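There is one chain below, alone, in structure tokens, taken in the form predicted on its own.
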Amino acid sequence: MYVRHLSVSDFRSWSAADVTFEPGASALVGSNGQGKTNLVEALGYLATLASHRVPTDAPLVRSGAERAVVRAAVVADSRELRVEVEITPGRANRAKLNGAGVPRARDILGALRVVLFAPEDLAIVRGDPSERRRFLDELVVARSPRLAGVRADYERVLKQRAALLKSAGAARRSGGGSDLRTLDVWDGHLAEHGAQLLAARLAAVQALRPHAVAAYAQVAPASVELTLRYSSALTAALPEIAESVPDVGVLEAALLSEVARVRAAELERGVNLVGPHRDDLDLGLGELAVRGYASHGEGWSVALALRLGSYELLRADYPRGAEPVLVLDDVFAELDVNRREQLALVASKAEQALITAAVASDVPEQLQGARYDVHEGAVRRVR
């Protein structure tokens, strides 16, 4: 898979930009603030309907504009597909495939697959559990786009159920009664959608583990082994959850049982205390947790290993010609010689690798393919 053409309008700093790419390595070179990262962010948004830099859509629309539009022509298995998304803050995004509107923006997921490594990825290693859940969910959807709907349904259930918990809890504290039959219905929805999401995450961790461990051994050969373990409130009831993938029905029953166990606490606090929205991905180096113990260099190595592992996993999931585009956003300047070499080795084998750098010397020699200068609101191919 490769991106043949990218165009944006009113996206971030760009009023308009059009770039034609080829397979192989392409480097977007420009000093900070020129907009090179904005271009690869646009590609990442087309692939995931989310930014790797900000949690909301509002910053993606150029100041003074009402909406932004991102379009790309994607070639996979010798066929070209045109993908488009219109971003309007405060409203549902609209999307098109080959010029025809689709019912929901998430229907374009899978048309473009991207693995993007950026400085922000250190948050996966050092940040809150929400960062690691987001990493896993993006990988899950990249493997099976239909799970974007499961994830959306689960988030809708969480909101509705939290509102019910708050109202029922308030009624109890004021001395009134509350009918919990409606809450029982939403318990079932939480267990149903939560079990599907949890099963997909567990499968993703199991599949990712050997690729990430191998990648870490390559970029940090003198270090101890990287470990990945899924952490869930269900671990006590299902101890095998950390190493295997129980049947969805088993997970659903376990979620229902755990919800019943903590019902009183949920009513008291007015929050959802059980479900994959509270889980984590435990990362370790030997016996020590990465978060809190890893050095800066080790943190970079773990983040890099997770992305390279994801790339190799998706390559294994899809046949040649449909493998993901590898995007490396301003990361070579942050890496030491060994990590640069290992990352460049993987990127050189990709059907398409898009690299951003502040100076041309940051791009390794084996990735000296097409080069684009990004300067003063223009993108110009110079090689």
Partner chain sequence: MYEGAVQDLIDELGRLPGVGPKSAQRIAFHLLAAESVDVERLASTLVRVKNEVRFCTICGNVAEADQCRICTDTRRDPSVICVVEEPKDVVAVERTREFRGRYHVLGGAISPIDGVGPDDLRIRELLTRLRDGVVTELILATDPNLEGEATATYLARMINPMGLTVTRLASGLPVGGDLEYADEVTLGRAFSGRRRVD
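Numbering follows the first chain given and starts at 1. On a predicted model such as this, the values are computed, not experimentally measured, just so you know.
The protein also exists as the form predicted together with its partner chain; that form is not presented, and the subsequent description refers to it.
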Residue among A170, A289, A264, V185 with a heavy atom within 4.5 Å of its partner chain in the model of the complex: V185
Interface residue in the model of the complex among S223, T235, Q160, T227, criterion: non-hydrogen atom within 4.5 angstroms of its partner chain: Q160
Output flag, R146, L164 and R181 jointly within 4.5 Å of its partner chain in the model of the complex, heavy atom basis: yes
Contact label in the model of the complex: H193 to its partner chain, heavy atom within 4.5 Å: yes
Its partner chain contact at R91 in the model of the complex, heavy atom, 4.5 Å: no
R82: touches its partner chain in the model of the complex, heavy atom cutoff 4.5 angstroms: no
Any non-hydrogen atom of R156 within 4.5 angstroms of its partner chain in the model of the complex: yes
Candidate stretches 277-285, 308-316, 93-101, 146-154 - the one whose heavy atoms come within 4.5 Å of its partner chain in the model of the complex: 146-154
